[in-house]
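Take a look at this single chain in structure tokens; it is the form predicted alone.
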């Protein structure tokens, strides 16, 4: 697609025109009764046609176009769920990255271009449009910022996403779409809320837009030197108090201060981020603004993750007919050069290999786990030390351990379907989707009770859908692994547990109603 002309990139200075179970637990924090309850819309009078509420999602990624993690899944699935019945006009705006596949790009429609003021810059911005599942997607095109491999990790990420957020504000007039709710996701979209409440708040069309900011992971906050507030972000120093925290710019802090509501991706995580242990320094800001905080548990798309139709699987199956899952297990063992042993349980981990995923717990008791009749499968990439450890573990325990150091979506689905147990002992986990996907595929989850893991997986002993442990302790984890292996050997009881896991409601249907209630409460 034709995009930026380098000659258009930097023109003369242009002044800024205006000063993250059977029932899904949802919301908030201290007391559930403080959260808005799901609202069923009243039927309109026959002669009245109620205008659709307009919602705009601003995010750095969205499935299925570009995804690096759970953020994209949430943006893609939640927007689809809200738009499903046609009562909302839902739109999503993301950057047009180089890595968006041609199979999508060929159907994008170029609708025009504008020039976006960003401090002293005046940058080209192409706008592409694509509609699917009642959702309209817009893609912000600028080759200087986005024609690069991947989404993040560049020295100028602050400038790239400042341009993106400023583009969002400018595009609204071009497409003549002024939403009632602007829903911004993570620090990359935080500046959209800041621009809305500072530079654009004096314009009549923008004055009644309400902002929601969702924290997917509080660890990544968008921190920069205060020296570049005006020069890079185009924000006057008179607004410095909004973004200043710990002697630097903190974009997440600014979005929390500016928005009408902010949310996290699970009720438990909403409580945890008020604690210094989880907040990465922002607990003071969270506590000061907790009157507008709530937690809504993420979901997954049941059509996208469906073992009955998934083409990646060796055999398809469902909760009503689990028997073909045995074929998936057998073929997975063959693929990974593990002995084909139908009665030997496979414990799987699909994860970024980083410390907060609880891998130090696994290292501490791995040898004891492997003394038993089990097979261990690890898929993921991350820190070199963990990659080396698990690769070495596979060499030392050939026939019992398979380690694949890569990111492979097709293989991950084969593992979800072929394994028996899914281990996720995270130190912190805002929501987590892997435990939900594993459950959907009949692989019973073993999790630590933190964030969305606690909200989505309930302990088997209490009639739940998996196995849990509370303290961040390797031997507590080992205890519940042994408990799970004991239940696995009781085939009748195990089949009941597998079916319970597969039929747990992890869809967006319930969570979307809570977001809908949140939006309506803001618009009163």
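Values in this document were obtained by computation on a predicted structure and should not be read as measured data. Numbering follows the first chain given and starts at 1.
The same protein also exists as the form predicted together with alpha-D-glucopyranose (GLC); that form is not shown, yet it is the one meant from here on.
When you measure heavy atoms, are 268, 455 and 511 every one within 4.5 angstroms of alpha-D-glucopyranose (GLC) in the predicted bound form? No, the whole trio is out of contact, none within 4.5 Å by any heavy atom.
Since only the chain is shown here, I'm wondering whether residue 432 would be in contact with alpha-D-glucopyranose (GLC) in the predicted bound form (any heavy atom pair within 4.5 Å). Within the cut-off, so yes.
Hey, in the predicted bound form, does residue 439 get a heavy atom within 4.5 angstroms of alpha-D-glucopyranose (GLC)? No, residue 439 stays farther than 4.5 Å from alpha-D-glucopyranose (GLC) in the predicted bound form.
Can any non-hydrogen atom of residue 127 be found within 4.5 angstroms of alpha-D-glucopyranose (GLC) in the predicted bound form? Judged by the heavy-atom cut-off of 4.5 Å, residue 127 is well away from alpha-D-glucopyranose (GLC) in the predicted bound form.
My question is simply whether residue 166 lines the interface with alpha-D-glucopyranose (GLC) in the predicted bound form - judged by any non-hydrogen atom within 4.5 Å. Outside the cut-off, so no.
Among the candidates 253, 325, 414, 216, the residue which, in the predicted bound form, approaches alpha-D-glucopyranose (GLC) to within 4.5 Å (heavy atoms): Contact residue from the list: 216.
Can you pick the one in 423, 162, 193, 74 that has a heavy atom within 4.5 Å of alpha-D-glucopyranose (GLC) in the predicted bound form? By the 4.5 Å criterion, the partner-contacting residue is 74.
Choose one stretch from 52-60, 460-468, 65-73, 493-501: the one whose residues place a heavy atom within 4.5 angstroms of alpha-D-glucopyranose (GLC) in the predicted bound form. Of the options given, it is 65-73.
Stretch 296-330: residues contacting alpha-D-glucopyranose (GLC) in the predicted bound form, 4.5 Å heavy atom cut-off: Only 298 sits within 4.5 Å of the partner.
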